[in-house]
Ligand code: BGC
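Only one chain comes next, encoded as structure tokens, the form predicted on its own.
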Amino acid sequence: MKKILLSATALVVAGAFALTGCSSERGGDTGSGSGDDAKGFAADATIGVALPDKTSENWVLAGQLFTDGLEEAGFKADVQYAPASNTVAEQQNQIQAMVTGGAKVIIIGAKDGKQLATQVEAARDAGVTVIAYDRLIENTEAVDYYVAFDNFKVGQLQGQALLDGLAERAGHEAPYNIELFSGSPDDANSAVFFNGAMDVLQPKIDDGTLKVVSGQTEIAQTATEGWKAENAQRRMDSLLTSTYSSETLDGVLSPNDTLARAIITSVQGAGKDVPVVTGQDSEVESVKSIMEGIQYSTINKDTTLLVEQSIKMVGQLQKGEEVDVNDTEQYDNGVKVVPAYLLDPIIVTKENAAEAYANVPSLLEIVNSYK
């Protein structure tokens, strides 16, 4: 990365992972997204980073990594978080302030990707490059690039983990009773995760291997507003009361770790055996739960790598170089296909946790403490 370096701590973590992307699977082309890269800008320019609320460990870590990495690369970092409330207005104001303040690039982890078109269009009109980070910004031409883990693959890995866990833990032959949860409807990733999972699960629902006892199989029925744990727990409470008074619940598709723990809390509170539950994000409490044999799986999406790639793209823009992308087909935001750089997610269960976290010292320490 030459001069585009992260903090020393981040480099130790990032250096052990390969930025493999997903070029061998979908897309695979490397090229510029906007055609305007040759402009370049000052090496000490202001770079804006607008992130959503701090409800996830990964968002908290991302803010610190962006601050350290951008400043170490010589840029002025303007890192802002939106509040935890459901309103997106504060993030809209933050982005507008970054434009007014002269930011040359704004990296946006959208609070609501459907409500930022006006702000990113104002950024484009001011000559600012917009990089959507982790969450796609929808319905606007003004998004130049998207950097994320391959979220469709995340869903596929979750779906397969659910099948594997059922075969391992259900204690009986198919059919298996399951329920489906998806993320917040204001997050474009929610549908991508869900569709990836259903790519694996739907054929098994169709052939009778899986039975969604509640009948709730549409994303509108399974959504969890705001990615809030209390909303997932409330829905699981309701499902247990209405559907599982006499039926056994064998598995639950959960899109992330926060919701997985809420679902598990609900089941335990009802005095029932914990089903196979998937997750995502490798949150500390969920890694502990997996090692204790409670939560079945999570996904390792190393935030350090995602931030590192984002800063690399900023460096390429600053020099007027072509920006690396490895997917130019998959991410249609409703108006354009946004050139993307996708990183590979890793499924984690108790069996492979030590290998999966071999280069993440904090999580490896947790794993090893259970040996």
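Residue positions are given as counts along the sequence shown, with the first one as 1. Just so we're clear, the structure is a prediction, and the values are computed from it rather than from any experiment.
Beyond the structure shown, there is the form predicted together with this ligand, which is absent from this document and is the topic of what follows.
- For a residue to qualify, one of its non-hydrogen atoms must sit within 4.5 Å of this ligand in the predicted complex; all three of 134, 193 and 281 qualify.
- Only one segment in the set 41-49, 308-316, 55-63, 324-332 has residues whose heavy atoms sit within 4.5 Å of this ligand in the predicted complex; it is 55-63.
- Contact check for residue 227: a non-hydrogen atom falls within 4.5 Å of this ligand in the predicted complex.
- Contact check for residue 153: no non-hydrogen atom falls within 4.5 Å of this ligand in the predicted complex.
- In the predicted complex, no heavy atom of residue 297 sits within 4.5 Å of this ligand.
- In the predicted complex, this ligand lies within 4.5 Å of some heavy atom of residue 189.
- Proximity to this ligand in the predicted complex, defined as a heavy atom within 4.5 Å, holds among 301, 104, 261, 235 only for 301.
- Taking a 4.5 Å heavy atom cutoff to this ligand in the predicted complex, the contact residue among 129, 119, 286, 256 is 256.
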